[in-house]
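So this first bit is one chain, no partners, the form predicted on its own, shown in structure tokens.
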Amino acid sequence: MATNTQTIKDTVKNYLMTEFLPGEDPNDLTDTTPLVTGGILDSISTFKLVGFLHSKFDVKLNANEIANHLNTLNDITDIVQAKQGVA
């Protein structure tokens, strides 16, 4: 079942804030904040995020998708919706 854009963003943002940015201001994590290139996610945290996306949204990402589609909340939302068949 496809998940709407705002639900994906809110769910992923909550996960990121809880797991990787505890105590930080949630308003600082915007839809376009660079997660990988900004140093918020390293290889281990990216792997954890991929596992979270799989368990929460039932999406599987290949290596190319991981490298190219997890840098912002917008990117993550787009790849989750694409994997769920939402145009």
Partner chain sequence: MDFNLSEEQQSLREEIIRFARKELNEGVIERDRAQYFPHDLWMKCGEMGLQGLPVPVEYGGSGLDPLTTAIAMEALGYGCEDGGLTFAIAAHLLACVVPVWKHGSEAQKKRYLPGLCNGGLIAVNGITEAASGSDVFSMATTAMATDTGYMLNGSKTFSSNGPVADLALIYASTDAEKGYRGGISAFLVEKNTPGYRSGQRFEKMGLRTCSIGELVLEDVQVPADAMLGEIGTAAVIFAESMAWERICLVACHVGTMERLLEQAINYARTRKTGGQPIGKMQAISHRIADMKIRLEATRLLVYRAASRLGDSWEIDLDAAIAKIHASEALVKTAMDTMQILGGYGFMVDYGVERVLRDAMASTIYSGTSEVQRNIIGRWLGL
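Note that the structure is a prediction, hence the values are computed from the model and not measured. Residue numbers count along the first chain shown, from 1.
Separately, the form predicted in complex with its partner chain exists; it is not shown, and the next lines address it.
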- Give a yes/no on whether P26 approaches its partner chain to within 4.5 Å in the model of the complex, heavy atoms considered. no
- Report whether the minimum heavy atom distance between M17 and its partner chain in the model of the complex is within 4.5 Å. no
- Does the 4.5 Å heavy atom contact test between N71 and its partner chain in the model of the complex come out positive? yes
- Message: Test of understanding: in the model of the complex, would T37 fall inside 4.5 Å of its partner chain by heavy atoms?
- Response: yes
- Non-hydrogen atoms within 4.5 angstroms of its partner chain in the model of the complex: do K9, I79 and A82 all have one? no
- Query: Going by its partner chain in the model of the complex, which residues of 38 to 75 come within 4.5 Å of it through any heavy atom?
  - Reply: L41, D42, S43, I44, S45, T46, F47, K48, G51, F52, H54, S55, K60, A63, N64, I66, A67, N68, N71
